[in-house]
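Here you'll find one protein chain in two forms, each presented separately as structure tokens under the names structure 1 and structure 2.
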Structure 1
Amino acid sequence: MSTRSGSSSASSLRRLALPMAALLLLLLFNFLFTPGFFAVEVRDGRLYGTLIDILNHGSKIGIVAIGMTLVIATGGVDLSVGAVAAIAGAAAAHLIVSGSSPPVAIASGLILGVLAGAWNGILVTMLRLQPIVATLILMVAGRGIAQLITNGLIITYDSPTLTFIGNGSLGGLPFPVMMLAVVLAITAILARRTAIGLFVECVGDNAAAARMSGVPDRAVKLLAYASCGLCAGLAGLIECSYIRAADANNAGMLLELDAILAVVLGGTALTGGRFSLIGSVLGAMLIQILTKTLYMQNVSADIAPAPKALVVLVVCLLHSPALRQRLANLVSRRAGA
């Protein structure tokens, strides 16, 4: 038992080595070439600076990435998180404007997120649709639903509570960072201190074998998708809090891409099985630092996706067993000759 946990922590460290190295490389680059990147100042008992900004926006991606990690670990994927975020934000803002109390609005946004996730889970488990396809439906229809809620308008609201979610601070750090910490802690406890994490990995490794050994594979998948929906809903609330408005057309745009990339960068295999929550959070921060670095090097927000894509391709290739196999063959052939 001790050897198993020893080897697994060693392998998880190995998996984290790549994102850590990339992270340090980017920070080094900014240390050398971006003046003021590491400047942090305290104003009104609150930290300000580029790094804090990265933590803040990276937390939104990180929260979604945690939910996405669970889904990907079961061997699935959720393409609808951006649309679900738009629905949650639109619903919360709409309820605030129509006179509901902030707690009701926030709870409704989160519940809608869970329902959307559960819907995806039902399509995957009951109808046995491929996850890409099942979540594609909500990705297409979800933004339409969000538009219907806002009636196609950008809803601005005035609510200190909802505004606090994205703009408030706790202990000097932006509130989204705290929420990320809480989401990570709860998920980590459930995943590592109960059997749920093991079940998720079993289902992702081999769903049929998991079922044979008595793992409730459908319930596990349903739980993973519902959790992912909840995380997407929370991210939607953060996003609509950042701009103090719900914009159904642009909220959560490309969120699914950033979240999936964060998970992949963090070393969780897209084929399912072993997962790393910390890795995904690191991945999210990595993406946000990359984005911020590009902006600070005066790359326009429109062009920024291109270098991001190249980074993703390189990381995917480095993670690919096929490439490792080829390199290993090459090395052994050289050694043999």
Structure 2
Amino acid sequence: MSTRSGSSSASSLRRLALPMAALLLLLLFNFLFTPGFFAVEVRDGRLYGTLIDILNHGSKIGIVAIGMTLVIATGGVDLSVGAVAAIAGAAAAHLIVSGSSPPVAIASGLILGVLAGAWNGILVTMLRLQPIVATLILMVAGRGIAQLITNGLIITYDSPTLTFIGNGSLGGLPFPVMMLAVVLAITAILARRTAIGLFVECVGDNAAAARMSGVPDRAVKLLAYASCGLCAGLAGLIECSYIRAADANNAGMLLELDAILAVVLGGTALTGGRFSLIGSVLGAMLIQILTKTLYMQNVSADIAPAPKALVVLVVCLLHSPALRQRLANLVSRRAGA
């Protein structure tokens, strides 16, 4: 048992090595070429600075990446998280404007997120639709649902409680960072201290074999999609709170792509199986640091996706076992020569 545990820990460290190395390289680049990047100051009991902004805005991607990790680990994918975030934010803002209390508005947004995720899970498990097709349906229809909730308008509101989610602070750090820490801690405890994580990995490795072994594969997939919907709902509340408005047309735009990239950069294979929650969070922060670095180097927002995609491609290629084996063989041949 100790040998297996040690092997698992070594494998986890290897998966985290690449995102950690990429993060350190980016931080080193900014230390050398971006003045003031590491400057942090305290104002009114709250920390301010570029690094704090990265943590703040990266938290939204990190929360969604945690839910996406569970879905991808089962061998699926969720393309609808951006639309689900728009639905949750639109519902919360609409209820606030209609006179509902903030707890009711927040709970309603989260419940809608869970229901949307469960809907995807039902399509995948009960109707046997391909995950990319099942979630693509809600990705397209979800924007329309959010538009229906807001009547095609940008809803602004004035609620200190809802505004605190995206703009408040706790312990000097932005509140979304604390939300990310709580979501990561709860998910990690459930995934690594209970049988849920093992079930998820078994279903992702071989769903048929898991089913024959007594693992409720349909229930596991349904739970994964519902959890991803909950995380998307949280992200929607953060975005809605940050701008103090619900913009159904732009909220959560391309959030699904950043979340999937964060999961892949964190070392979780798209084919399912073993997953790394910490790696996904590191991947989310890597994406945010890279984006911030490009902007601080005066790279145009129209051009920034190109170098960003190049860096992501390099890290993903380095995750490839086949490429690593070829590089190792090349190095050994040269050393022998």
Partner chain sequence: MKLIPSPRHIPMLATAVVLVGAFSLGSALYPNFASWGVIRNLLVDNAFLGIAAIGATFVIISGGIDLSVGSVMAFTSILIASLIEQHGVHPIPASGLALILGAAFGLGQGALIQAFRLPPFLITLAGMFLARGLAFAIHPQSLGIRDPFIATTINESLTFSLPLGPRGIQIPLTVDLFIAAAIVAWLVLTGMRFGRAVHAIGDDEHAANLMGLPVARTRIAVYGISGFMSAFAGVVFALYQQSGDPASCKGMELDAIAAVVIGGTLLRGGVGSVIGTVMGVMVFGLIQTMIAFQGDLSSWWTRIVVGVLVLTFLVLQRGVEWVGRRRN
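One-based numbering along structure 1's sequence throughout. Quantities reported herein were computed from a predicted structural model and do not represent experimental measurements. Take the two forms, find the largest set of C-alpha atoms that superpose within 1.5 Å, and that set is the rigid core.
Asker: Does structure 1 or structure 2 depict the form predicted on its own?
Answerer: The form predicted on its own is shown as structure 2.
Asker: Using a rigid core fit, what is the CA shift at residue 327 between structures 1 and 2, in angstrom?
Answerer: With the rigid core fitted, the alpha carbon of residue 327 is displaced 3.9 Å between structures 1 and 2.
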